[in-house]
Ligand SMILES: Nc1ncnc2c1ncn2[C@@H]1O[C@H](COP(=O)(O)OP(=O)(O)OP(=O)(O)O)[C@@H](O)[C@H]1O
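Shown below, as structure tokens, is a lone chain in the form predicted alone; questions about how it binds or moves come after it.
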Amino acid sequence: MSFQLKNVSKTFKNQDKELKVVKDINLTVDDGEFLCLLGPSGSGKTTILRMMAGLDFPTNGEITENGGPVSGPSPGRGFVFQQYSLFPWRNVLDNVAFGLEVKGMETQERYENARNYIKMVGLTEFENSYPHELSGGMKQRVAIARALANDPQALLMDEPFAALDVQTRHNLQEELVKIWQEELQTIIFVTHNVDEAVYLADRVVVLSRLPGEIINTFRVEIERVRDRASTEFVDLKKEITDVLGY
């Protein structure tokens, strides 16, 4: 799935006050691309992602997918939130199978489908566990598996690893790259972490502080699996960090 944003701006209104959070975004995301939206807190990253998902709408400009307008949520776009958003009364298998159940898929077929994605994220032994029995990293794996089970053409991810410890975050980043390479879906990934963006992305789009504007774009031409200690990796991190002014 490809996306195009043309002159996209977003202003929130609260009584007599207006707050412009996104300004004049022009961006094309190619089919199968792994793109990171990178910027400080308050740069409009999540707002852009939500508009691409059809969960919110531009005040000005337009967003299209595969040439057609984004007019609302779609099964073709999976969304992974920063918070896990799992159903506490459902075990792992039933959480992952939820979207397929809503679609009306027969029980045996949806469970077979769900188990494939549970296996993909390494949680086969925990399919009967409930969210309160899982670590934060495991919960996020479930959320990713649930999004993938619906077979979306694009996966939109809003800082999904931000609350995790460094080791768990690195492990999940590695797993996500493997899943992306296997599934060949478009991924748009929001982060404020430069290291994460350089490790994951084909391209990093850097946003300014409020109102968020694109201030630079970096193509990451480092062979995967990426070595965080390599000169290429460290140099690109520094270049992006300099632009951000962190």
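Note that this is a predicted model, so its numbers are computed, not measured. The first residue of the sequence shown is number 1, and the count goes up from there.
What follows is about the form predicted together with the ligand, which we do not show.
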**Prompt:** Considering 217, 181, 26, 41, which brings a non-hydrogen atom within 4.5 Å of the ligand in the predicted bound form?
**Reply:** 41
**Message:** Taking any heavy atom pair closer than or equal to 4.5 Å as contact, tell me whether residue 127 reaches the ligand in the predicted bound form.
**Reply:** no
**Request:** Spell out, yes or no, whether the shortest heavy atom distance between residue 21 and the ligand in the predicted bound form is within 4.5 Å.
**Result:** yes
**Item:** Distance check, residue 14 to the ligand in the predicted bound form, heavy atom within 4.5 Å
**Value:** yes
**Message:** I'd like to know if residue 46 sits close to the ligand in the predicted bound form, meaning any non-hydrogen atom pair within 4.5 angstroms.
**Reply:** yes
**Prompt:** in the predicted bound form, which of the stretches 46-54, 198-206, 62-70, 173-181 has residues with heavy atoms within 4.5 Å of the ligand?
**Reply:** 46-54
**Message:** Is it true that 82, 159 and 210, all three, sit within 4.5 Å of the ligand in the predicted bound form, judged by heavy atoms?
**Reply:** yes
